[in-house]
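For reference, the chain that follows is the form predicted alone, supplied as structure tokens.
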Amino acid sequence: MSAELVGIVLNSVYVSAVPALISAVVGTPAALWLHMRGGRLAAALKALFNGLVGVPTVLLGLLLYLLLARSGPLGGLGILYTLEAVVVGHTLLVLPLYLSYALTALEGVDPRVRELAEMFGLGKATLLKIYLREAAGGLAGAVAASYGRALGELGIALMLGGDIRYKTRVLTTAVAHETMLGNWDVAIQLGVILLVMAVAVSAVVTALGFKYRG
């Protein structure tokens, strides 16, 4: 494996794993709060998250490009055409997906868990810990889905990262680049690496989630 390919793989891991982790850290408490609160607000926000799952990545990339461009309101940050800009875009892309999956996982927890906790006078922290344990498999699936979504994304990576060789090139933009050059063999090999990374990480994360649940 060449040094350039190693760099491309590491870039892909970075712009996929970090957004998935941020989504888990931010989204899990938010999903727990919404699930415990219930009511119309929780239902409305879940419907909103479900709708945002299908947002066109090109549109999201365009909006972020306008914000991060030198003449845009966030142009002073100077992160356009960097991996950090791609991380920002991917985080905004996968957070609604994570929240939607997490809420569905929490809804799958037996409601008698809450009734028993209240009956035995367990504290809120203990109740939340039980919920996390019971929904661990679904939450792990949410992390895996978020990672896979970011890993296979092209539009945001291209618009915000710029596909700069040795700097911001990731597997999806590399596949597109080699395809445009007519290097089919290289493009297919990169695609296979992308597929293996998606399947392997998804399998490991999901297995860890079910192992934690016991």
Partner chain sequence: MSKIGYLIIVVVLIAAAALFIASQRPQAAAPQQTATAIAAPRQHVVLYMATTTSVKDTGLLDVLIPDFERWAAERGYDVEVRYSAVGTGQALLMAARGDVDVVLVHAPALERRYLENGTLKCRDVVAYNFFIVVGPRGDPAGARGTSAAEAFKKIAEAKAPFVSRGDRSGTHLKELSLWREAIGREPDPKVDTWYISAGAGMGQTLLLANEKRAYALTDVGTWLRYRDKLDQLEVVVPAAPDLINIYSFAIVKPSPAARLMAQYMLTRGQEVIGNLTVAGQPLFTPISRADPKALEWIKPAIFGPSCVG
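Since the structure is predicted, the reported quantities are computational estimates derived from the model, not experimental observations. Positions refer to the first chain, counted from 1.
Note that the form predicted together with its partner chain isn't included here; everything after this is about it.
Only one of 136, 92, 80, 109 lies close to its partner chain in the model of the complex, with a heavy atom inside 4.5 Å, and it is 80. Contact annotation for residue 47: none of its heavy atoms lies within 4.5 Å of its partner chain in the model of the complex. The closest heavy atom approach of residue 183 to its partner chain in the model of the complex falls within 4.5 Å. When contacts are judged by a 4.5 Å heavy atom cut-off, residue 129 counts as touching its partner chain in the model of the complex. In the model of the complex, residue 70 approaches its partner chain with a heavy atom inside 4.5 Å.
Between 39-47, 158-166, 145-153, 53-61, the stretch whose residues reach within 4.5 angstroms of its partner chain in the model of the complex through a non-hydrogen atom is 158-166. Site residues 28, 192 and 203 are none of them in contact with its partner chain in the model of the complex, judged by any heavy atom within 4.5 Å.
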